[in-house]
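Take a look at this one chain, the form predicted alone, written out in structure tokens.
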Amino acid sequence: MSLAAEAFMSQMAAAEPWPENATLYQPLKEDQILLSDCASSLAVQAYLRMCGLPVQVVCRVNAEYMSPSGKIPFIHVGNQVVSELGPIVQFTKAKGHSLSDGLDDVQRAEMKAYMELVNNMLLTAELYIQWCDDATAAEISRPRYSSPYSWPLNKILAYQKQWEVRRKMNAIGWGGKTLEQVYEDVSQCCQALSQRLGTQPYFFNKQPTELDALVFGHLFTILTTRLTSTELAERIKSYSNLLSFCRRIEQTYFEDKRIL
């Protein structure tokens, strides 16, 4: 398909209303999904709920391989498949649903900077702990990631994933970090988020944006996910306004489906 044809199809898709049967795909919730994917999926669910857009969550063993980018989650809306929060935000905006239209240029730039901070610190820390901490990788990550598959495929896929993440950590300068250094990075990120939030209900006062959805997805998942150590969650618990923030979003947008 030519670029012009793809652009035309995208414009046609944007003109269509949001359907009632939109679907979000993620790995199996009880047995397979890991911390980082669960956080990313929850962030997208929160964002769509904040926009008032219905979506059905479907768990699939091969969700990672179904995704066009190989990243979790992805949504299927009409004849469009879109993965990850950033592209999904742009997709909904094209359909006339946006949480950040009320921000000025300075606020929008600030929002994007904090979203980068969350992705560069919290998401990277989650991946590091899952696959670079030997105890977590052995006791939680490899068994869960490979749980749907039989031997020897389960072993091959788990170690392949671990190798991929460790290679990425080396490429971005995280490969030589200690676990304590990673925890300290998380603390610094939480401190910056806590200071920006202050006493406001949301990061930009009274209405949530995609930043609020992203922060909630990661903080809430860290607070409610079992790991080999509670240290990661304890770093977040040091900031009472971030805990209140998580409770506020859960009660406001997930009242019909308690996720705690």
Partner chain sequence: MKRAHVARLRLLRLGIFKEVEVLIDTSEGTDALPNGLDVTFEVTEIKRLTGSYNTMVGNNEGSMVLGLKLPNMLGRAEKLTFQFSYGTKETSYGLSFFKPQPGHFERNLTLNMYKVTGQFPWSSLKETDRGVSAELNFPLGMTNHTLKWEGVWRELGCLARSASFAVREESGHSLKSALSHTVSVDSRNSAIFPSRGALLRINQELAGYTGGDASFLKEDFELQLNRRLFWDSVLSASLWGGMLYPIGGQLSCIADRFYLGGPTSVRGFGMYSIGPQSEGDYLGGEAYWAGGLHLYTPLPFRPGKGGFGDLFRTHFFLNAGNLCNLNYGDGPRAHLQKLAECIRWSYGAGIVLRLGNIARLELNYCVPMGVQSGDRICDGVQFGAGIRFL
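Numbering follows the first chain given and starts at 1. Computed from a prediction, not measured in an experiment: that's the story for all the values here.
The same protein also exists as the form predicted in complex with its partner chain; that form is not shown, yet it is the one meant from here on.
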Using a 4.5 Å heavy atom cut-off, are Pro201, Asn205 and Phe254 all in contact with its partner chain in the predicted bound form?
no
Please pick, from Asn120, Ser187, Ser98, Gln160, the one residue with any non-hydrogen atom lying within 4.5 angstroms of its partner chain in the predicted bound form.
Gln160
Does Tyr128 reach its partner chain in the predicted bound form if we count a contact as any heavy atom within 4.5 Å?
no
Consider Pro68 of the chain shown here, and say whether it contacts its partner chain in the predicted bound form, taking contact as heavy atoms within 4.5 Å.
yes
Is the gap between Pro148 and its partner chain in the predicted bound form 4.5 Å or less for some heavy atom pair?
yes
In the predicted bound form, does Pro152 have a heavy atom within 4.5 Å of its partner chain?
yes
Assert contact_stretch over 59-67, 209-217, 32-40, 230-238 against its partner chain in the predicted bound form, heavy atom within 4.5 Å, equals 59-67
Just give me the residues of 17-49, first to last, that have a heavy atom within 4.5 Å of its partner chain in the predicted bound form.
Tyr25
